[in-house]
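To begin, one chain is listed below as structure tokens, in the form predicted alone.
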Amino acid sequence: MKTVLVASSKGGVGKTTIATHLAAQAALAGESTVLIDADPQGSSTRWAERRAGLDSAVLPLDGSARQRKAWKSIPEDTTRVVVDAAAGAMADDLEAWLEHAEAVVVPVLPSALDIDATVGFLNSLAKAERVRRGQVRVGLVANRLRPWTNASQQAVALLEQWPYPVVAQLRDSQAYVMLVGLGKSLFDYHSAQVRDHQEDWKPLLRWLKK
């Protein structure tokens, strides 16, 4: 069972969008997928409930209160777990998830305030035992980019100097808001309109397979 934790100490960075897309992609690939919603807002849970009628449904579990209880509730046949961590959580708050995760995906927006806010979170992650031992990989996702702007290009250049790799660059699009509201993802579609966006995800998916 492979577990991916999507986390950031900064709210509004696209954590739920990334978690739901990773869960959908795994389910569409035939994996028995669980999405643990550790955020009290419950956005991931509502997404999974809207998806319940699809063949690629994802099982939502509430992880907002008792993390270890949620972990014990995972069905035995599960092959993929995605955890949508609570906004504002630091590494100490994520202890139960870090015990099981193979990878942590950290979304970062291309602004000075968001980048500065992420530094403290990454510093706290670096102190976590399994991260220090190299048992948990940490990857950055530059999110909501406008690749044609200097601000986005400068943000990516800065992130690439950090000790953790930039494993994806996702462009800004209102499509994500609409899809989450429908219980869908980019991976549910095959039109030319979504192909460029799907290409943005390939480096992250390859990184997670390592």
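So that there is no doubt, residue numbering starts at 1 and follows the sequence shown. All values reported here derive from a predicted model rather than from experimental measurement.
One more form of this protein should be noted, the form predicted together with a small molecule, which is absent from this view; the next part is about it.
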Is residue 143 a contact residue for the small molecule in the predicted bound form, using a 4.5 Å heavy atom cut-off? yes
Please run the contact check for residue 154 against the small molecule in the predicted bound form: heavy atoms, 4.5 angstroms, yes or no? no
Does the small molecule come within 4.5 Å of any heavy atom of residue 172 in the predicted bound form? yes
Indicate whether residue 117 is a 4.5 Å heavy atom neighbour of the small molecule in the predicted bound form. no
Counting only non-hydrogen atoms, which stretch in 48-56, 160-168, 64-72, 33-41 is within 4.5 Å of the small molecule in the predicted bound form? 33-41
